[in-house]
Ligand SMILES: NC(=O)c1ccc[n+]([C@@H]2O[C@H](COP(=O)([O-])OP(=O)(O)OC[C@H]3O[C@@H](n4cnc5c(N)ncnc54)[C@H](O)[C@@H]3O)[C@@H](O)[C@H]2O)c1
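Quick setup: one chain, the form predicted alone, written in structure tokens, and binding and motion questions come after.
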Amino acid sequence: MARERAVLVGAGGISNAWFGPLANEKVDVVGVVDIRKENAQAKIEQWKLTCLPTTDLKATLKATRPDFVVDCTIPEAHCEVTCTALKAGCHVIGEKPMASSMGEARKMVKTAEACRKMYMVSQSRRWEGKHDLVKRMVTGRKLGELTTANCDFYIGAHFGGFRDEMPSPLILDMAIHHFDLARFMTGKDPVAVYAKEFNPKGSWYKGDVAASAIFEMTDGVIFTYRGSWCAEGLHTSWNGDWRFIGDKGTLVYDHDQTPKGQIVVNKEGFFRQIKDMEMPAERVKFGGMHGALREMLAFLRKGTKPQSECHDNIKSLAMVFAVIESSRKGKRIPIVW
């Protein structure tokens, strides 16, 4: 028998990544809501659900009284959907990014507080074995005191459609993953940023699809980000290629391969004597959206706070909008949330 009941909102392509984990965890999907009823019906048939399709979220929540809502809508709809669900007495797990503006994000956090409900964002890349491994090595001080983190992201992506018309497609649509990973893997939060967005020659995008950013993080750590979605050839990983530098050594994680590192073992000589680091085994059993869902279920069953609950995730979103503001104003921008 199902232990929890859920309503899923937004029956687009990304919803397919949620229906499987919901079934695996034996969550009873009691409603599928979409602005187009036929989309909701199609997902119900595809996943062999017994609920009815609907276009009315408020009515569905009132009729079904779910434990939580899964928000798979577009970013511009996240605020309305999440606040509606929270006010109806439901917890919410939503897709990234949290909102399409910091004003909306702050409203969502305040609504969660006022309703005393959990709102968490599925930053799906946190639930990957190698990312967890990097975090353990870096925050476990295997490199000594962390000083620097770098991320490069270069891919020639020919999407077509709305991304080609966005003003900041890389930063708004993709970099939230890398910024959140920077916080996750270093254990540091953003303080300020100086950034430049640009649109390289030969770009097939209308907006600025490349960027360079220097983030000041807590404890004096510097995080640099370089990225482009119109870089042909020699692509990095979609997760980015990373380097972490501490006062005792360096860890590199690139092309989704097992991280490798070296640490100093003798402090004498022009080049210090170093040795390769031993990497522990990966320990994440449930990746991506499944991992995020299990954290929501752990909250419902045990009261365990999810790592990407809204008070934390808004910090990653603030990095996105600070980059855009810094580029527009041409100056260092303090990061607030």
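All residue numbers are counted from 1 along the displayed sequence. All of these numbers come straight from a predicted model, not from anything done at the bench.
As for the form predicted together with the ligand, it is not shown, yet the points below apply to it.
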Report summary line: Per contact check vs the ligand in the predicted bound form (non-hydrogen atom within 4.5 angstroms), the hit among 141-149, 100-108, 200-208, 70-78 is 70-78
Query raised in the report: With the ligand left out of view, which of Ile274, Ile35, Leu300, Ala63 would have a heavy atom within 4.5 Å of it in the predicted bound form?
Result: Ile35
Query raised in the report: How about Ala11: is it within 4.5 Å of the ligand in the predicted bound form, going by heavy atoms?
Result: yes
Query raised in the report: Val27 near the ligand in the predicted bound form, any heavy atom under 4.5 Å?
Result: no
Query raised in the report: Is the gap between His177 and the ligand in the predicted bound form 4.5 Å or less for some heavy atom pair?
Result: yes
Requested in this report: Answer with yes or no whether Thr250 is in contact with the ligand in the predicted bound form, where contact means some heavy atom within 4.5 Å.
Outcome: no
